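This document opens with one chain alone, in structure tokens, the form predicted alone.
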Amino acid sequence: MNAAHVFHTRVYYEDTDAAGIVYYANYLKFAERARTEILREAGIVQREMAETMGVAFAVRSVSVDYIRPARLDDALIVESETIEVGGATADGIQTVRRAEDRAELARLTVRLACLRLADGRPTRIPEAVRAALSRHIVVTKP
């Protein structure tokens, strides 16, 4: 059975608003970093993917449910689960949790599109990238 990818990070001062609570848009940054690490751990560097394969990912859609606030200095875990890897798209769920008590803070549903850099058109996800994402298929599509 495949497992969710786990990425650890921490809330820094720059991530927070005046009240010391994580600014809502920064959850998107935490999720992006986690997706980058999924590829990196499989030996795929996004810069090299662009240069050698001529492709890159763009977020086609994202939905975020904010459940509880993260605060300054919290240690966080981002769990990334792949739902499905299609021809040119990949769907996933990313859950941001506080590491200390595993409390769910935010849940993101993300659809990525693979684009050809030459013209910005959708293109098939390269096989090596497809394999990296498929390692974390743990959720069945509804």
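Source: prediction; values computed, not measured. Residue indices: 1-based, along the sequence shown.
In what follows, reference is made to the form predicted together with another copy of the chain, a form of this protein that is not presented.
Not displayed here, another copy of the chain is approached by Asp74 to within 4.5 Å at the level of heavy atoms in the predicted complex. For Ala103, no non-hydrogen atom is located within 4.5 Å of another copy of the chain in the predicted complex, even though that partner is not displayed. Another copy of the chain in the predicted complex comes within 4.5 Å of no heavy atom belonging to Thr52. Contact annotation for Ile83: none of its heavy atoms lies within 4.5 Å of another copy of the chain in the predicted complex.
Residues of 47-73 placing a heavy atom within 4.5 Å of another copy of the chain in the predicted complex, in sequence order: Arg47, Val59, Arg60, Ser61, Val62, Ser63, Val64, Asp65, Tyr66, Arg71, Leu72, Asp73.
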